[in-house]
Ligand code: SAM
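To begin, one chain is listed below as C-alpha coordinates, in the form predicted alone.
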(Lines give C-alpha, C1' and ligand atoms only; values in the text may rest on other atoms or scores of the structure.)
Protein backbone atom coordinates (compact mmCIF):
# COMPACT_ATOMS: atom_id res chain seq x y z
CA UNK A 1 0.00 0.00 0.00
CA UNK A 2 2.75 2.46 0.98
CA UNK A 3 4.57 1.92 -2.32
CA UNK A 4 1.32 2.38 -4.26
CA UNK A 5 0.77 5.72 -2.51
CA UNK A 6 4.33 6.82 -3.35
CA UNK A 7 3.78 5.74 -6.97
CA UNK A 8 0.60 7.85 -7.12
CA UNK A 9 2.41 10.88 -5.72
CA UNK A 10 5.08 10.48 -8.41
CA UNK A 11 2.45 9.99 -11.14
CA UNK A 12 0.76 13.21 -10.01
CA UNK A 13 4.05 15.12 -10.29
CA UNK A 14 4.95 13.60 -13.67
CA UNK A 15 1.50 14.20 -15.18
CA UNK A 16 0.71 17.51 -13.49
CA UNK A 17 -2.34 16.11 -11.69
CA UNK A 18 -3.34 18.12 -8.63
CA UNK A 19 -3.68 15.90 -5.56
CA UNK A 20 -4.36 16.90 -1.97
CA UNK A 21 -1.42 18.07 0.12
CA UNK A 22 -0.08 15.59 2.68
CA UNK A 23 -0.89 17.76 5.71
CA UNK A 24 -4.47 18.22 4.49
CA UNK A 25 -5.17 14.52 3.96
CA UNK A 26 -3.53 13.71 7.32
CA UNK A 27 -5.95 16.17 8.96
CA UNK A 28 -8.95 14.57 7.19
CA UNK A 29 -7.87 11.01 8.06
CA UNK A 30 -7.56 12.03 11.71
CA UNK A 31 -10.99 13.69 11.52
CA UNK A 32 -12.50 10.47 10.11
CA UNK A 33 -11.06 8.45 13.00
CA UNK A 34 -12.02 10.90 15.74
CA UNK A 35 -15.61 11.35 14.54
CA UNK A 36 -16.25 7.69 13.72
CA UNK A 37 -17.09 8.55 10.11
CA UNK A 38 -18.22 5.61 7.99
CA UNK A 39 -19.88 6.87 4.79
CA UNK A 40 -17.89 9.36 2.73
CA UNK A 41 -18.75 11.09 -0.54
CA UNK A 42 -15.94 12.72 -2.50
CA UNK A 43 -16.49 15.17 -5.35
CA UNK A 44 -13.42 15.04 -7.59
CA UNK A 45 -11.50 11.75 -7.51
CA UNK A 46 -8.56 12.70 -9.73
CA UNK A 47 -6.38 9.55 -9.56
CA UNK A 48 -7.95 8.19 -6.36
CA UNK A 49 -5.22 9.37 -3.98
CA UNK A 50 -7.45 11.02 -1.36
CA UNK A 51 -10.22 8.42 -1.71
CA UNK A 52 -7.78 5.58 -1.00
CA UNK A 53 -6.28 7.34 2.01
CA UNK A 54 -9.71 8.28 3.42
CA UNK A 55 -10.94 4.69 2.98
CA UNK A 56 -7.83 3.40 4.74
CA UNK A 57 -8.39 5.68 7.77
CA UNK A 58 -10.54 3.14 9.62
CA UNK A 59 -11.81 -0.41 8.94
CA UNK A 60 -15.38 0.92 8.63
CA UNK A 61 -14.78 3.86 6.28
CA UNK A 62 -16.27 3.48 2.78
CA UNK A 63 -16.00 6.06 0.01
CA UNK A 64 -18.05 6.93 -3.04
CA UNK A 65 -15.98 9.19 -5.29
CA UNK A 66 -17.10 11.06 -8.42
CA UNK A 67 -14.84 12.00 -11.34
CA UNK A 68 -15.83 13.55 -14.69
CA UNK A 69 -12.46 13.27 -16.50
CA UNK A 70 -12.22 9.90 -18.25
CA UNK A 71 -8.41 9.58 -18.10
CA UNK A 72 -8.37 10.33 -14.37
CA UNK A 73 -11.36 8.07 -13.78
CA UNK A 74 -9.56 5.14 -15.42
CA UNK A 75 -6.39 5.88 -13.44
CA UNK A 76 -8.44 6.06 -10.25
CA UNK A 77 -10.03 2.65 -10.94
CA UNK A 78 -6.58 1.18 -11.57
CA UNK A 79 -5.19 2.57 -8.31
CA UNK A 80 -8.19 1.45 -6.25
CA UNK A 81 -7.66 -2.08 -7.59
CA UNK A 82 -3.89 -1.98 -6.97
CA UNK A 83 -4.53 -1.04 -3.34
CA UNK A 84 -7.15 -3.80 -2.92
CA UNK A 85 -9.83 -1.23 -2.10
CA UNK A 86 -12.59 -2.32 -4.51
CA UNK A 87 -14.91 -3.26 -1.63
CA UNK A 88 -14.36 0.06 0.15
CA UNK A 89 -14.38 2.53 -2.75
CA UNK A 90 -17.05 3.04 -5.39
CA UNK A 91 -15.83 5.18 -8.32
CA UNK A 92 -18.50 6.99 -10.35
CA UNK A 93 -17.74 8.40 -13.82
CA UNK A 94 -19.94 11.49 -14.06
CA UNK A 95 -20.01 15.27 -13.65
CA UNK A 96 -20.95 15.77 -9.99
CA UNK A 97 -23.27 18.66 -10.88
CA UNK A 98 -25.21 16.44 -13.31
CA UNK A 99 -25.34 13.29 -11.18
CA UNK A 100 -28.66 12.47 -9.54
CA UNK A 101 -28.10 10.52 -6.33
CA UNK A 102 -30.88 8.52 -4.74
CA UNK A 103 -32.62 10.76 -2.17
CA UNK A 104 -32.25 8.15 0.58
CA UNK A 105 -28.42 8.14 0.41
CA UNK A 106 -26.81 9.81 3.42
CA UNK A 107 -23.18 10.50 4.21
CA UNK A 108 -21.27 11.34 7.39
CA UNK A 109 -18.69 13.32 5.43
CA UNK A 110 -18.70 15.00 2.03
CA UNK A 111 -15.31 16.09 0.69
CA UNK A 112 -15.34 18.75 -2.03
CA UNK A 113 -12.19 18.83 -4.16
CA UNK A 114 -13.54 19.33 -7.67
CA UNK A 115 -13.88 22.43 -9.91
CA UNK A 116 -13.00 25.35 -7.61
CA UNK A 117 -15.32 27.81 -9.34
CA UNK A 118 -18.32 25.55 -8.63
CA UNK A 119 -17.82 25.10 -4.86
CA UNK A 120 -21.03 26.90 -3.86
CA UNK A 121 -23.07 24.88 -6.39
CA UNK A 122 -21.56 21.62 -5.10
CA UNK A 123 -22.32 22.57 -1.51
CA UNK A 124 -25.91 23.55 -2.31
CA UNK A 125 -26.55 20.37 -4.28
CA UNK A 126 -25.00 17.86 -1.88
CA UNK A 127 -25.73 19.29 1.59
CA UNK A 128 -29.08 17.45 1.46
CA UNK A 129 -27.21 14.14 1.47
CA UNK A 130 -25.58 14.72 4.85
CA UNK A 131 -26.54 12.85 7.99
CA UNK A 132 -27.56 14.94 11.00
CA UNK A 133 -24.45 16.72 12.30
CA UNK A 134 -22.55 15.51 9.22
CA UNK A 135 -19.58 17.44 7.85
CA UNK A 136 -18.59 19.00 4.53
CA UNK A 137 -14.84 19.56 4.11
CA UNK A 138 -13.57 21.68 1.22
CA UNK A 139 -9.95 21.76 -0.01
CA UNK A 140 -7.93 24.61 -1.60
CA UNK A 141 -9.69 27.38 0.31
CA UNK A 142 -6.48 29.47 0.19
CA UNK A 143 -5.81 28.57 -3.46
CA UNK A 144 -2.01 29.02 -3.43
CA UNK A 145 -2.26 32.18 -1.34
CA UNK A 146 -4.33 34.09 -3.90
CA UNK A 147 -7.55 34.05 -1.86
CA UNK A 148 -7.99 37.34 -0.04
CA UNK A 149 -5.77 39.08 -2.60
CA UNK A 150 -8.02 38.97 -5.67
CA UNK A 151 -8.04 42.78 -5.93
CA UNK A 152 -4.31 42.65 -6.76
CA UNK A 153 -4.78 40.21 -9.64
CA UNK A 154 -5.12 41.27 -13.27
CA UNK A 155 -8.49 40.58 -14.84
CA UNK A 156 -8.74 37.07 -16.28
CA UNK A 157 -9.50 33.45 -15.46
CA UNK A 158 -7.36 33.35 -12.30
CA UNK A 159 -8.94 36.51 -10.85
CA UNK A 160 -12.42 35.21 -11.67
CA UNK A 161 -11.69 31.84 -10.04
CA UNK A 162 -10.21 33.39 -6.89
CA UNK A 163 -13.21 35.74 -6.58
CA UNK A 164 -15.51 32.69 -6.76
CA UNK A 165 -13.60 30.96 -3.94
CA UNK A 166 -13.78 34.19 -1.90
CA UNK A 167 -17.52 34.25 -2.56
CA UNK A 168 -17.76 30.64 -1.37
CA UNK A 169 -15.97 31.52 1.89
CA UNK A 170 -18.47 34.34 2.49
CA UNK A 171 -21.30 31.92 1.70
CA UNK A 172 -19.97 29.46 4.32
CA UNK A 173 -19.52 32.14 6.97
CA UNK A 174 -23.08 33.37 6.47
CA UNK A 175 -24.73 29.94 6.12
CA UNK A 176 -27.18 29.52 9.02
CA UNK A 177 -27.38 25.72 8.59
CA UNK A 178 -23.68 25.07 9.23
CA UNK A 179 -20.91 25.97 11.66
CA UNK A 180 -17.75 26.43 9.59
CA UNK A 181 -14.15 26.60 10.74
CA UNK A 182 -11.24 27.45 8.46
CA UNK A 183 -7.84 25.79 8.81
CA UNK A 184 -4.58 27.07 7.39
CA UNK A 185 -3.42 23.53 6.62
CA UNK A 186 -1.97 22.57 3.24
CA UNK A 187 -3.74 24.77 0.67
CA UNK A 188 -6.46 25.67 3.18
CA UNK A 189 -9.42 23.62 4.41
CA UNK A 190 -12.94 24.55 5.48
CA UNK A 191 -14.81 22.24 7.84
CA UNK A 192 -18.57 22.84 7.86
CA UNK A 193 -20.59 20.90 10.45
CA UNK A 194 -24.33 20.66 9.95
CA UNK A 195 -26.27 22.14 12.84
CA UNK A 196 -28.73 19.75 14.46
CA UNK A 197 -32.24 21.21 14.48
CA UNK A 198 -33.58 21.56 18.00
CA UNK A 199 -37.24 20.66 18.31
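Residue numbers count along the first chain shown, from 1. Computed from a prediction, not measured in an experiment: that's the story for all the values here.
What comes next is about the form predicted together with S-adenosylmethionine (SAM), which is not displayed.
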Is residue 69 a contact residue for S-adenosylmethionine (SAM) in the predicted bound form, using a 4.5 Å heavy atom cut-off? yes
Please determine whether residue 95 contacts S-adenosylmethionine (SAM) in the predicted bound form, using a 4.5 Å cut-off between heavy atoms. yes
Residue 75 within 4.5 Å of S-adenosylmethionine (SAM) in the predicted bound form, heavy atoms: no
Indicate whether S-adenosylmethionine (SAM) has at least one heavy atom within 4.5 Å of a heavy atom of residue 115 in the predicted bound form. yes
Can you tell me which of 129 to 137, 151 to 159, 29 to 37, 42 to 50 lies within 4.5 Å of S-adenosylmethionine (SAM) in the predicted bound form, counting heavy atoms only? 42 to 50
Residue by residue through 6 to 37, tell me which have a non-hydrogen atom within 4.5 angstroms of S-adenosylmethionine (SAM) in the predicted bound form. 18, 19, 20
